Ligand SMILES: Nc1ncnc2c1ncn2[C@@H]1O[C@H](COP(=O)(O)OP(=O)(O)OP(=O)(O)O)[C@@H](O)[C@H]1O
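Have a look below at one chain only, the form predicted on its own, in structure tokens format.
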Amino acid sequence: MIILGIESSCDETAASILEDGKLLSNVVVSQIDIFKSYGGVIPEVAARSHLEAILPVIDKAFQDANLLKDGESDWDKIDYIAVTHTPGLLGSLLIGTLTARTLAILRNKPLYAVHHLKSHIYSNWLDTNEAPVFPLISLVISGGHTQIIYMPEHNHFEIIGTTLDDAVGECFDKVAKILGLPYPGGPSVAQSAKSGNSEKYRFPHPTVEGLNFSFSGLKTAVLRAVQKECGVDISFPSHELKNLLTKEQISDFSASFQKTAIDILLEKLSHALREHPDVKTLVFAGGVSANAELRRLAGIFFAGSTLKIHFPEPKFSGDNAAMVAMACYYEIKSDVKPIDPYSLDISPRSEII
């Protein structure tokens, strides 16, 4: 079973080829360099960049997988096509879904429309000899999502906790902007925090009912603490605060914020596990799961637990097409049927599971 995966939900154009769950190729073209100067993704620019890159990226995936015939991509070797169809930026998703639909029709291949967050969860089993063990709980954390998902089996998802406002990755981006650190904020804050004192500043943990999250208050708390440290009032322009901070202060704020955000995530996870004592596997997924301090503190927090704890390889934490193909692989094994490429059911959508 050979699957071509396509991903274009935000600012990465990606294609990957999997054979029986084993990675043959994984090509990712990122738009981060385009958006660094803007401090965030511009949807219209992202969509145009996908349009330019998507066919060359697919061709490169065939080359890297060594699936060529007379120097051209050998489509006879592909059994299925999988594409991210929701959630994400609508213009970006449209490029990927239209490409996948067209290829499925022209090449007469079964087509699978895969949910983006499902793909992140299944990225944990890429390049491993393991299979998912259920029931499991997954913490999906990225720039657009912060969710706790309970899975009793393949293709059964229950969102038991979600953010009520900002996603944790978005909060990292906004705090980085306050501190004058470059986009994307997650890696920048993590790098700055390495030389900082995580106990220097104390930030509140929001009181949110149940397993839900809220990060907007934490972002505001950091802003107010920085303003206080700089000796300015709340009317002072936030984008100018970086000019009043020393490198040491920036590192201390980074470390203190990062620790608070991670503590909030782990506390909610612990609560979720108490409510679901049947869980055998704990899965971290999404771009923020690449954070080294999160991985270290999670190891300490759940030390001695009988749970199987999974983090994806850092190269698979961000958006990529290998995870899309992997999710499709398990859909096929679970007898999920392909979608009609002519159907509107594959139209891109921004909704969650």
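All of these numbers come straight from a predicted model, not from anything done at the bench. Numbering starts at 1 and follows the sequence shown.
Omitted from view is the form predicted together with this ligand, to which the following refers.
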query	finding
Within 4.5 Å of this ligand in the model of the complex, all of Gln147, Asp165 and Gly217 (non-hydrogen atom)	no
Contacting member of Leu111, Val222, Leu241, Ala190, with respect to this ligand in the model of the complex [4.5 Å, heavy atom]	Ala190
Of Gly161, Gly196, Gly96, Gly169, the one that lies within 4.5 Å of this ligand in the model of the complex (heavy atoms)	Gly169
Partner proximity in the model of the complex: His120 to this ligand, non-hydrogen atom cutoff 4.5 Å	yes
Asp173, heavy atom within 4.5 angstroms of this ligand in the model of the complex	yes
Touches this ligand in the model of the complex: His116 (any heavy atom, 4.5 Å)	yes
This ligand contact in the model of the complex: Met326, any heavy atom under 4.5 Å	no
Option from 180 to 188, 273 to 281, 202 to 210, 72 to 80 whose residues, in the model of the complex, bring a heavy atom within 4.5 Å of this ligand	180 to 188
Neighbours of this ligand in the model of the complex among 284 to 319 [non-hydrogen atom within 4.5 angstroms]	Gly286, Gly287, Val288, Ala290, Asn291, Ser317, Gly318, Asp319
